[in-house]
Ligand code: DGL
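Just the one chain here, laid out as structure tokens, in the form predicted on its own.
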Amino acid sequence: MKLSPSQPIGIFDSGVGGLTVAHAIRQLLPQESIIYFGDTAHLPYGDKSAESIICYSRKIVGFLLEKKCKTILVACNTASAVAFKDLKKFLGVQVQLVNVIDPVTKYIGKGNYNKVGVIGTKGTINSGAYEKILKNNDPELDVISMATPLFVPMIEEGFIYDDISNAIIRSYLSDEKMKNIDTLILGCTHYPIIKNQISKFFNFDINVVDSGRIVAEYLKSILTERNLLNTGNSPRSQFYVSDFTPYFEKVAMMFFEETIKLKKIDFWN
């Protein structure tokens, strides 16, 4: 398929989490058009089987291909960990496929860290994706992984900046194994929405790493390398979901500061 700079960037996630990355891309690459798909009918991906995640991801990637996306970003850590290799085979060389794990592990590899914590969904943590790559890059690095499965439904239901979210955050992060970490990777694109609360729990003493800006920089380098950066002046944002949720629209408008028109696309009926 012949690609051109004017084609959109495709992004998908299980819900609102990928909007944190989409927002970072819009800030860094304001001339790029974005097509976002939130698989709200199946969230969270973290407790789904690998077969289900691969099935959902293939359907969404196929849809983004039909929309003529020049590159596709898997803005879900669980899908990045579980389905990325399959998706690369599925896509072949049609378009560039990017995940959210590789850019973050490369970023950590450039720093000087001793004890790194990783939090994410059960699917992401059980895959061991972050730990394997980080330890392969630096065998001496102490990597502590912990699943925090309540964070995604908590965020999707709008429980943020309140006593409920603070209690859940405190319950997870007060775990003994998280003591003395110098860096915490937010291994889910939903988590930057509560990044400030997480940082506050650690008294702002540690480096809390979210993937948004890191992935946006990585994507920019790829588009530049392939001469696919858009220089036009009329970027468009399109948002699709597999099920309507009022909170999705609210968060999308918060990030993009524009009227968001959601379109429902159901591949499974």
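What you see is a predicted model, and the numbers here were worked out from it, not measured in a lab. Numbers follow the displayed sequence, beginning with 1. In this text, rigid core is short for the largest set of C-alphas that superpose within 1.5 Å between two forms.
From this point on, the text means the form predicted in complex with the ligand, which you will not see here.
Contact check for residue 43: a non-hydrogen atom falls within 4.5 Å of the ligand in the predicted bound form.
Though the partner is left out of this view, residue 134 does not reach within 4.5 Å of the ligand in the predicted bound form, counting heavy atoms only. Heavy atoms of residue 152 reach within 4.5 Å of the ligand in the predicted bound form, making it an interface residue. With the partner omitted here, the stretch from 90 to 98, 188 to 196, 135 to 143, 175 to 183 that lies within 4.5 Å of the ligand by heavy atoms in the predicted bound form is 188 to 196.
Along 121 to 137, a non-hydrogen atom within 4.5 Å of the ligand in the predicted bound form is carried by 121, 124, in order along the sequence. When two forms of a protein are overlaid on their rigid core, residues whose CA moves 2 Å or more are considered shifted, and residue 248 is one of them between this form and the one not shown. In comparison with the shown form, the Cα-Cα distance of residue 248 and residue 220 increases by at least 3 angstroms in the predicted bound form. A decrease of at least 3 Å in the separation of the C-alpha atoms of residue 187 and residue 255 is found in the predicted bound form, compared with the displayed form.
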